[in-house]
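Next comes just one chain, in structure tokens: the form predicted on its own.
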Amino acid sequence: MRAARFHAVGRPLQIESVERPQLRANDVLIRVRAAGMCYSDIHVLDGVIAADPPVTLGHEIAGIVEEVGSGVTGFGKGDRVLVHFLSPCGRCKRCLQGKGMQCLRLFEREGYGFSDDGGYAEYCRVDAERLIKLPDDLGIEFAATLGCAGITAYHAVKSVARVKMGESVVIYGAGGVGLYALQAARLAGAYTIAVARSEARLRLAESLGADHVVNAKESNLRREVRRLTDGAGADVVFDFVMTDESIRNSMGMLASGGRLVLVGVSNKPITIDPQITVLKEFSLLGSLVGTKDELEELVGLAASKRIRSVANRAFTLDEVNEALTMLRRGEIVGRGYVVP
């Protein structure tokens, strides 16, 4: 089979012919139908996020069950499935508290597309415990992007920020994750403001229900957000950009007692003003990815059309490096995906 493999930081992925994976007792072989493209793949190529080369990238994985291991029950050939790409142990204190993304062994276990082969390939081998069945009427490319972009956004809104009805929420960065976070915040009953530098991204945010959009290149963000919130500031800001500039702006947008949720990833330190954090009683929160239970909830919301797809640009496996370059340059509006 063909796969796009990561070998070293600073080098493009290599399209290679590799052996089809052999199944262990609890494994399922998936014929990949769509693998969403995430900026985390850029971070792997740049050395910001560690991976275990050589490895096939692509952690937003959806497809059709081709074969099941001898110990697998509940899945059979032909089932449409989505992968939850991280693997909490399910037994440690944090897992038993329902906080799988704080699992004490999370980064020692399988991470499909990072430590274990992912979905930029014709086939992918996954532990059956990491699979979710998909409804027949849910688009496979839509489902794939829920596997990271969607569940990252949903977890941040629902479980980390715990957005409530009537709160004002700023989505700072209207990329794939931000656009799903916008929709999750609207479902929670929030008043939403989307911030981006691209008019195309802002128009897409409007089409997905943003109450207001603000162009970061043309507006004084702090002043505009305060104007839109009757001078109070936002109750919650989700920062998907993660630069010193975005953090300064985010803190300047927050109302007293507001929550700043960091969802983007960076290997560079950022500056937090301790004085304003104390005087305004701000909360600073980090958010990783959602649990498998949350992903199942999100699939239900998508199937009932309460969450709309932002998957809108398909690439072949041979185009994956070109597509990642476009992603790096911010040229993909919505979410791209690879069809192996």
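Keep in mind that what you see is a predicted model, and the values were worked out from it rather than measured. Residue numbers here begin at 1 and follow the sequence given.
Below, we turn to the form predicted in complex with a further copy of the same chain, even though it does not appear here.
Asker: State yes or no: in the predicted complex, is some non-hydrogen atom of G111 no more than 4.5 angstroms from a non-hydrogen atom of a further copy of the same chain?
Answerer: G111: no, not in contact with a further copy of the same chain in the predicted complex.
Asker: Given that the partner is absent here, does D46 sit within 4.5 Å of a further copy of the same chain in the predicted complex, heavy atoms only?
Answerer: D46: no, not in contact with a further copy of the same chain in the predicted complex.
Asker: Does any heavy atom of N312 come within 4.5 Å of a heavy atom of a further copy of the same chain in the predicted complex?
Answerer: Looking in the predicted complex, residue contacts with a further copy of the same chain do not include N312, since no heavy atom lies within 4.5 Å.
Asker: Using 4.5 Å between non-hydrogen atoms, is R125 touching a further copy of the same chain in the predicted complex?
Answerer: Residue-level check for R125: no, no contact with a further copy of the same chain.
Asker: Exactly one of E129, D79, E199, E206 has a non-hydrogen atom within 4.5 Å of a further copy of the same chain in the predicted complex; which residue is it?
Answerer: Result of the distance check: E129.
Asker: Quick one: of L134, M101, L221, V213, which gets a non-hydrogen atom within 4.5 angstroms of a further copy of the same chain in the predicted complex?
Answerer: That would be M101.
Asker: Does the trio C38, L138 and I151 actually contact a further copy of the same chain in the predicted complex, every residue with a heavy atom within 4.5 Å?
Answerer: The answer is no; none of C38, L138 and I151 reaches a further copy of the same chain.
Asker: Choose from 190-198, 213-221, 138-146, 117-125 the stretch whose residues reach within 4.5 Å of a further copy of the same chain in the predicted complex, heavy atoms counted.
Answerer: Residues of 190-198 come within 4.5 Å of the partner.
Asker: Can you name the residues of 169-187 that have a non-hydrogen atom within 4.5 angstroms of a further copy of the same chain in the predicted complex?
Answerer: The stretch touches the partner through A184, R186, L187.
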